[in-house]
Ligand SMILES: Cc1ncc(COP(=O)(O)O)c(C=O)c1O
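Next up is one chain by itself, shown in structure tokens, the form predicted alone.
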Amino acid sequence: MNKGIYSQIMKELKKAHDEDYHFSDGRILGSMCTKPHNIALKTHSMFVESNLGNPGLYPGTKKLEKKVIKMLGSLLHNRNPYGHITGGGTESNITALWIAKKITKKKEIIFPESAHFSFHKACDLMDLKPVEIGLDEKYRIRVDEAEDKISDNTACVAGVAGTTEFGAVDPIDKLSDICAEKNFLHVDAAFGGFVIPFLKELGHNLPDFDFKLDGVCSITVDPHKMGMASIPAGALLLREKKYLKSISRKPVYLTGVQACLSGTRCSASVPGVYAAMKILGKDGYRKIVKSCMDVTAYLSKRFKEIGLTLPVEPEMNIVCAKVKNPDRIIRMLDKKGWKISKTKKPKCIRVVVMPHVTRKVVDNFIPDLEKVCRKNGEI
């Protein structure tokens, strides 16, 4: 190895790494991801060669994936789930709609205005017709409107358990009632899947959203969000084996069956999910969720103290505050090193209270936010 070239490459890579923002800095306030658990990072590097797109070469990793799917199923009230680890919520949602199209032979997809952009992406890719449903005063899907829009052409009805913008939880129980035995019901719990079960254990009054409900056919959940796994680690869980078989392929030049949107799969996150879930257990996740919700309440209080209005009280660990010009606020905070995000309707600034967002981070952030808001006449 040419030491001079190696040194130059590493210097260049370090410069790029230093230019990135890092969760440990406590300045990323708009992301639904966080620093993975140390054991997830360690196991990820151990399995970096694994590719479950060619599963016969990686029987150990494949066994771990089956264990992970079973563990996720147990968390979401399904003792015998089917599915696989994906690259994230987008891939999981697209795959779910692909399955719905294959199973039903229909082309209309009903989902709320609050749904992740991956639903529109899926419709574009598969020539599906999006049927968007309005939201109620708490930014949840209007179930009566959804029921009215179900037709003979409906391939899938989708609800969200933890919306991207506000963390709102759709009344999946009511959607289940209208879909049971008649329509394919998909739940996007990419964010909420590792939050809502523990919020319910902590006494929060949230509706059921998972396989406990008979009408739910598939669920998206992202371990690389509140599950503390390494990126990329999404998951798609399915109630019935026939759903998975509907998209299965067996390429002659590969070992085993593929039932995924992607071919080659970054599979190093599989043992990362397994290790994180084993190490943390339900008690560990419950503590993480409680800590995040405590900071969420604290941030909500600090927002109100400086004169900002919340469009809705947080159901999950996402806090939004109404402002007239979120883009300007974001630009000015960006110059101060803060990375926050926004919502579209209503116009808000948005903070996702992930484990790296502590009370200390909030106390450092609020003075800069207050100065920026006063300068722009927001408060």
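We number the residues from 1 along the sequence you see. Computed from a predicted model, the values in this text were never measured in an experiment.
What follows is about the form predicted together with the named molecule, which we do not show.
Against the named molecule in the predicted bound form, the set H84, G193 and S269 makes no contact: no member has a heavy atom within 4.5 Å. The contact with the named molecule in the predicted bound form, taken as any heavy atom within 4.5 Å, belongs to S118 out of S300, S118, N78, N183. The partner is absent here, but in the predicted bound form a heavy atom of T164, alone among Q258, T164, S176, T296, sits within 4.5 Å of the named molecule. Heavy atoms within 4.5 Å of the named molecule in the predicted bound form map, among the stretches 156 to 164, 97 to 105, 140 to 148, 205 to 213, onto 156 to 164 alone. Contact annotation: M32 falls within 4.5 Å of the named molecule in the predicted bound form, judged by heavy atom distances. Under a 4.5 angstroms non-hydrogen atom cutoff, the named molecule in the predicted bound form has N93 among its neighbouring residues. Although the partner is absent here, G89 is a contact residue: one of its heavy atoms lies within 4.5 angstroms of the named molecule in the predicted bound form. At a distance threshold of 4.5 angstroms between non-hydrogen atoms, D170 is out of contact with the named molecule in the predicted bound form. In the predicted bound form, the residues of 206 to 227 lying within 4.5 Å of the named molecule by at least one heavy atom are, in order, D222, H224, K225.
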